[in-house]
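Okay, so we've got the same protein chain twice, two forms, each given alone as structure tokens, structure 1 and structure 2.
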Structure 1
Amino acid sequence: MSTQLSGASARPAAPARPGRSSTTAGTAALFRFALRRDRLRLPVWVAAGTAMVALQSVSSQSFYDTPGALAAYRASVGSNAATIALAGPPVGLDTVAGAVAFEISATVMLIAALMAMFTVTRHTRADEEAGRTELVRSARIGRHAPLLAAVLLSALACAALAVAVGSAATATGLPAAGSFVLGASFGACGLVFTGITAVAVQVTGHTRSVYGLVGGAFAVFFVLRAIGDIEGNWLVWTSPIGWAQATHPYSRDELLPLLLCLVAAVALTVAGFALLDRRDLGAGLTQPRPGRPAATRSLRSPLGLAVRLQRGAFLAWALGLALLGVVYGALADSVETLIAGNEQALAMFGDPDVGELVDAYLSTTFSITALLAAAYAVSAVLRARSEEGEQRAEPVLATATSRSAWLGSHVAVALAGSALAMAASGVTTGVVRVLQTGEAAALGRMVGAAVAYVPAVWVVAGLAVALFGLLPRLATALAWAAVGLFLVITMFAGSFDWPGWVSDLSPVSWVPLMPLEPWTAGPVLALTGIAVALLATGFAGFRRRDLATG
């Protein structure tokens, strides 16, 4: 740090120049420094996105190696609302390249958005919250320089992702023009979320809330385009993810929608700078309100503290999953419409029972909800890790609070919270189904189907606890890597030509596909047993190890 910054300040002091240039002074030095700090992170993000595309390309080319296989795929996808909701518009599926773009684009859009969110936040709000920006800004660094450097770094990463994806797709045998359109669509999506994050880091004073705002924005835009894609209507155009996918790589190769992304990214970034000028260093847009002079009765135990610390995140996730349940339930009607209008699909499924197809759709949606609930559970468990690493566990463990009680309180929030969130999504889907079909029994079936995933969700939570107990410094990275792996397995095990044991790696695939399949006790007992063993390992490990700060 010192070398880069002193490089800037060692130059003879420029005469005080009023006007525009001074607010961005030092951007180049900060940019180089940020590039150095992220010299490993950004290549990992870019490589992850690129590898997904390359893997999908190779796998799809071997999987759909005959025109017949491709036609069957087209027929099944064209009628599956769940797939369309998760992937995007079913366009260009008459070529393998088009199928690759369809299958992988939503996932890489998410990767691009997360990359942008973490990159911009890390170099702006996170530094500011930790007090580092104050130090940096005391040097000859303009007011706008840290944000500008972060936005430029994120833009560079998005460009790198675009080029890498284009090159990798071309190298694996897909048409070059479409490949670079595909890459550009990911880069453009990343740019929009760079802008969204540039605004979010001004609005709130906390890194955690920034992630909540940007993650929420992604969820809203994703749902808008999902509804738009299934209904085939204008809602697609309310979402930057919809714009990026409107490029239709390999079939139409439209570049114009990317202009929308670019305009939005620039407009949002400009708005970010405008908001930056209206707030104080270290603060968000609103002044913090004073708190209570004394603690209420609820704040008297480790559990009371864990609930207090985690209630905001829990409410946000539970609300999100409940809303997702509404959307999934509402779309069940469209499944019937889609099937009725797709003669090819009807022929392929051999005049299927439409109700069964709806159940198949609903069971797929609950497995996705389960993965999201698992992601929440992991984040709730890892709160214990951030409390420990940021030295807030130390004063609590120096009181008459045992290590098991302290860890147990965070784990209890994770287990109960994820189960409640799962149940909430079952209830909302069920209520919507009851309204659609008039059958009161639908509510119980949907809640049952959702709650059946709870043991699988707890296995993922247990894995995070075990990692926390045994490998505290690696726990965060490894636990999220596991969530990512399970997500990839659930989303792609069907389309990749993978052996069965790969899909068995994910606890979510152990659960019977309710309501399509009947409930069975075997997997539930096995998953519960594994969850208990993982939890016990984690608690035992934590009781034996040193507190790991920093």
Structure 2
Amino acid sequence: MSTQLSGASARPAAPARPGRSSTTAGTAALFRFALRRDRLRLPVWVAAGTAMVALQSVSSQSFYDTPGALAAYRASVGSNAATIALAGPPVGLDTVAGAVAFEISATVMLIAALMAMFTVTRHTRADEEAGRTELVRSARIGRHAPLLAAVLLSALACAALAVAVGSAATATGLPAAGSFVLGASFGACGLVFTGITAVAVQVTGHTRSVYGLVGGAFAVFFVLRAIGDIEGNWLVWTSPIGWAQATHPYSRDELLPLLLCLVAAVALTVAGFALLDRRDLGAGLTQPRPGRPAATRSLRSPLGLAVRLQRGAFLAWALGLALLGVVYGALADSVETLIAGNEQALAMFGDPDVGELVDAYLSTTFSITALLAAAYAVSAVLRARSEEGEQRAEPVLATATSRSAWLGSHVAVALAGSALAMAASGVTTGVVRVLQTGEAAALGRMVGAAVAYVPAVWVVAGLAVALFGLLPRLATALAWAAVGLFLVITMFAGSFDWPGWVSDLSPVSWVPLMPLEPWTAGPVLALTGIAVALLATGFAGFRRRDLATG
């Protein structure tokens, strides 16, 4: 009897089979921690989308202040395929509120998608890459808890965006019901991309690959929506962007498409959890192929390595700006019909003569393209910051590679890449203008107008380098804040009649408005000098400081 008891006591107890709830243990704590980490990031995203809607509302109410101006706008864009492809379905254009929704919805949906993508990725795949998830999982944290906390945080941000946009649009004088439907459409689009990101972080083991997958998905959905709206067929219902825009704020206020977005978001999130159970921590479902046993000749220099690391991002940005050039060029023929006789709209373009409206429009589009190229340049410069923070720069710098050579390789990619992207935009705009006007000289004029903005783009890149060299831990936030500031100044300083010194804060405002104005050397030399000074400051700071982590 005693033997049996001792044997029974020695036999190990069977481990309790974990219940479904155990896989989400610790979600509340992780959610609170993620909310604290993003206490500044998420309000900035929400404020950016809300501010764009508010400014667009005020601007449109000023532009289309008479029935004639609104009728001219509706006649111009209602049947313009390029405008429909860029903005969405031409519904509700008989009211100013409908025009606001038409003009701003695609842009804010992009902001919502990016906010969801960065939020979910930051708290899942990025934490796994950095080793933080493994440390957290060593405590009593369930396998699903990090992903669930990230999804909940993204959903909260999408809800905040919806409420903020609805409140801001109502406060600027737009109908309340339509305003909150507009906000809900942005939040619903963000929820769908929350689910898409939840799946993407399981597929690949690298943060940048997640960004590529989600960004590619947005591009595909945008194209499907554009084709469906232009042709008026079923393709629009294959895109979550099309679902969100099918709410038609201020005209029909449809709520059923929002339910479709919600169902898709839930289904994608459930799929993400299912895929999470089929991979190892830190890995993705797809494994990278083995590399070469020896580096190719192109990788035996810091510049070659930087080009290899950044070539995918450069090609994506260059292609995007080239396609944007096609859209801007295609819209040029409708400019005179759209804004001729509208004093507020003319003021936005500098009060040109009617015959100069197209050139004024093109010069404005190139200034916006320049800011997008500057955003690429900043991202390329900050790749050096991520390499340093993730401790991949230290092994390179332990070799005979100097700090200046290592940083210079990333800066060279940023400067050359942004210049090539601007040139690509000029070429595509020029080709479209040649096809429209039959004037071969238009190609050279458009390329020259685009390239004229390159020194201004380099000033923004130089600012990012200076911040990287002097304030590495704040460089990312401050550099992107500067890009946002310059974008707001460029888009709204003229229409809101802000003081001249505010406009001068943006380097883009220093460039002659080609092709409307002739090229002059003075501003270009001044911008180049400022860019060189900022670059020198950044290099000097980097040589003198310690390597930063995190």
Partner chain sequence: MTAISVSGLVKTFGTTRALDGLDLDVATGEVHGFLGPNGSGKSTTIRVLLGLLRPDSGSVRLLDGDPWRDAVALHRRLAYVPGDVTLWPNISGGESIDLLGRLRGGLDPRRRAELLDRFDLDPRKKARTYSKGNRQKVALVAALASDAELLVLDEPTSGLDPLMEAVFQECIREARTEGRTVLLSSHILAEAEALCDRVSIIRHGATVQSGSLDELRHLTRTAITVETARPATGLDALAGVHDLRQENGRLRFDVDTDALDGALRHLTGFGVVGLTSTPPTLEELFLRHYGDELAEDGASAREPVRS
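For the two forms, the rigid core is made up of the largest set of C-alpha atoms that agree within 1.5 Å on superposition. Counting starts at 1 with the first residue of structure 1 and goes up one by one along its sequence. Just so we're clear, the structure is a prediction, and the values are computed from it rather than from any experiment.
Between the two chain copies, the one drawn from the form predicted in complex with the partner chain is structure 1. Within the set R278, P67, A294, N233, A294 is the hinge position, where C-alpha fit passes from one rigid part to the other between the two structures. The smaller of the two rigid parts, set against the larger, turns by 20° between the two structures. Comparison between the two structures places the CA of P515 13.2 angstrom away from its other position, after core fitting.
Aligning the rigid core leaves the CA of A416 displaced by 6.9 Å between the two structures.
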